[in-house]
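In structure tokens, the next block holds one chain alone, the form predicted alone.
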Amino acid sequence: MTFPEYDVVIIGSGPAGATTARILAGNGFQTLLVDKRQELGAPIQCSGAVSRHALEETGVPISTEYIQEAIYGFGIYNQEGRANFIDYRKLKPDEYGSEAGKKPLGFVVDRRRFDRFLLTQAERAGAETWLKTEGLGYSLLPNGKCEVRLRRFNEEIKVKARVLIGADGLQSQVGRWAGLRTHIKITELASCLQFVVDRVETDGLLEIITGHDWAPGGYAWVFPKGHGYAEIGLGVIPTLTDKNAQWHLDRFLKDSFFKDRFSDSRILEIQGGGVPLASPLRTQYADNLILVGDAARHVNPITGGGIHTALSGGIIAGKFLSQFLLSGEEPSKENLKGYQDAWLEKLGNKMWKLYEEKTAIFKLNDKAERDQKLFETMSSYFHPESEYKKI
């Protein structure tokens, strides 16, 4: 029996997987992109904020197909309500704004439509895409390739590939097949909940509220959603509180310094899930295999943001493998280490540094000192001169 054969099989069609597929297929490689979901972008576990720079840098056309609201800056609050505002409409009024000839700093996107848009880009570049297809395992073959076992519409299928890419999200199953340590400590997994609400005014800023009393181990947020809606949410580390995220979010709505602003709000949708505030995986490759995006924990360890890092990681993986596959070298773990080296140089070293800063903050025993340090760090992170602005 002959099995379909590809240069690359990618499991997971989120931003990282779809971007990697777009690059590889666009460079002429036979690429199969699969996802176990039948509806992309669901369930929604993401606020959907992404910078304009991130889209432009990674070749994603800016489109009303997926954009919900333009963003022009940030408001960072401590738990008493003191704020630092970084509004690019005021910092650089000739460049940023909603008027003709000016531009936004970023966008809040609809994740369902955004993920579909990215998948369409990959498909139009030449990638073959299979939805409702689950990865079951992979094994190495004597000829230097690998066999990938899939279940598509309840039918088990085997395909061959030179390289398998795990883009299957947090605690990657693909990584586990190769013996990589993809588990995450509960102390670094934020439990997140957000409400999409009506009747809450916003003004083009991503608003972030720090402080243990509102969000132990994380922060709360108020983001514009477009069409008059807003996202109000927070993330907490379960080991730092004996209450769940819903309790904290209800309290934030009713008792915070924003309570008057929220008093007439109406909840239209509830979204939630786990978001890593962890270090990147120390090893993101194995024989015939690499990990990208959330699967490799390419997530900002202090904000939990992952769209920008997923897109950038997909570009790095796609470009590395495009050169590597042409070389004819065996895709051993020793040879695929170059992917992680390239990622570290471009993004990873700064992510590790940011993780170390975050860890130092939460090692502080004094709560007031910890809250103040987190407020200062978040304010610095979003500053125009921040060394971390690209992650």
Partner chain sequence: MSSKTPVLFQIGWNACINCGACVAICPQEAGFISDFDTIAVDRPCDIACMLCEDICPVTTITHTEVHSAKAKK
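If you're wondering where the values come from, they're calculated on a predicted model, not measured in any experiment. Positions refer to the first chain, counted from 1.
There is another form of this protein, the form predicted in complex with its partner chain, and it is not shown here; the text below is about that form.
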| item | value |
| --- | --- |
| One residue of I186, L91, L141, L268 in contact with its partner chain, assessed in the predicted complex (non-hydrogen atom, 4.5 angstroms) | I186 |
| Its partner chain: the contacting residue among Q121, S279, Q171, T129 in the predicted complex [heavy atom, 4.5 Å] | Q171 |
| Check all three, C192, P238 and A245, heavy atom within 4.5 Å of its partner chain in the predicted complex | yes |
| Contact of W221 with its partner chain in the predicted complex (heavy atom, 4.5 Å) | no |
| Exercise: W177 in contact with its partner chain in the predicted complex, heavy atom 4.5 Å | yes |
| Proximity of K259 to its partner chain in the predicted complex, heavy atoms at 4.5 Å | no |
| Heavy atom of G274 within 4.5 Å of its partner chain in the predicted complex | yes |
| Listed range touching its partner chain, judged in the predicted complex by heavy atoms within 4.5 Å, from 224-232, 260-268, 245-253, 305-313 | 245-253 |
| In the predicted complex, residues of 319-348 near its partner chain [heavy atom within 4.5 Å] | none |
